[in-house]
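The chain below stands alone and is given as structure tokens, in the form predicted alone.
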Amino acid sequence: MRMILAVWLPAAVALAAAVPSTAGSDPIAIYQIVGDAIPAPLDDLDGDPVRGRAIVAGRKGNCLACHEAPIPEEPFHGNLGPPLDGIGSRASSGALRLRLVAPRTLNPDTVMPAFHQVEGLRRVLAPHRGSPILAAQEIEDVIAYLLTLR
């Protein structure tokens, strides 16, 4: 019995760490990180670049607080993060997905928000705990838009 537990328990802990929580009102998609990417679309969803542009430009994603993007109708763009113009030529959909979903995987000290996580976050107001900033569909929409920026 001890041998079975010795093998099973570490495997169960590793599996629990690899599978995001589904607590909260918006479900968290299950994903697999491969190298520096999440290669498969969340929940096998197709993204819509028009909806993605609206998320990037709007308050929901708030991307322009840190990034400059080719969205001239929005007057204030940040410069803390890299510019998004041309990102579709520099990054794959999987690389973008990892940076949106779990950026601390690549850089534990990043200030980039984890847009599709609910665990391990800091300074989250009580009403927002247990819900991701962006749903799986919204993540895929943002990626579809960013890939048009070539």
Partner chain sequence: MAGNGTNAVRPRLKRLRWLGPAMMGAVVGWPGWVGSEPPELPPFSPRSGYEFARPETRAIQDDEFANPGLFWIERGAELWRSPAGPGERSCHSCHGAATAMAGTAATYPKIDEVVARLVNLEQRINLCRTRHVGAEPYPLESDPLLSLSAYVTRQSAGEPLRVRIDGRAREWFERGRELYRERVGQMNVACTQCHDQRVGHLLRAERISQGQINGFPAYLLRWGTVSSVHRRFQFCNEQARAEPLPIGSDDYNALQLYVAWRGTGLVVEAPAVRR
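Model, not experiment: these values are computed from the prediction. Numbering follows the first chain given and starts at 1.
Below, we turn to the form predicted together with the partner chain, even though it does not appear here.
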{"property": "In the predicted bound form, the one of A65, L45, A95, L106 near the partner chain [non-hydrogen atom within 4.5 angstroms]", "result": "A65"}
{"property": "In the predicted bound form, segment of 84-92, 66-74, 29-37, 45-53 with a heavy atom within 4.5 Å of the partner chain", "result": "66-74"}
{"property": "4.5 Å heavy atom contact, P113 and the partner chain in the predicted bound form", "result": "yes"}
{"property": "is_contact(I133, the partner chain) in the predicted bound form, heavy atom dist at most 4.5 Å", "result": "yes"}
{"property": "Sequence-ordered residues of 114-133 touching the partner chain in the predicted bound form, heavy atom within 4.5 Å", "result": "L121, R122, R123, V124, L125, A126, H128, R129, S131, P132, I133"}
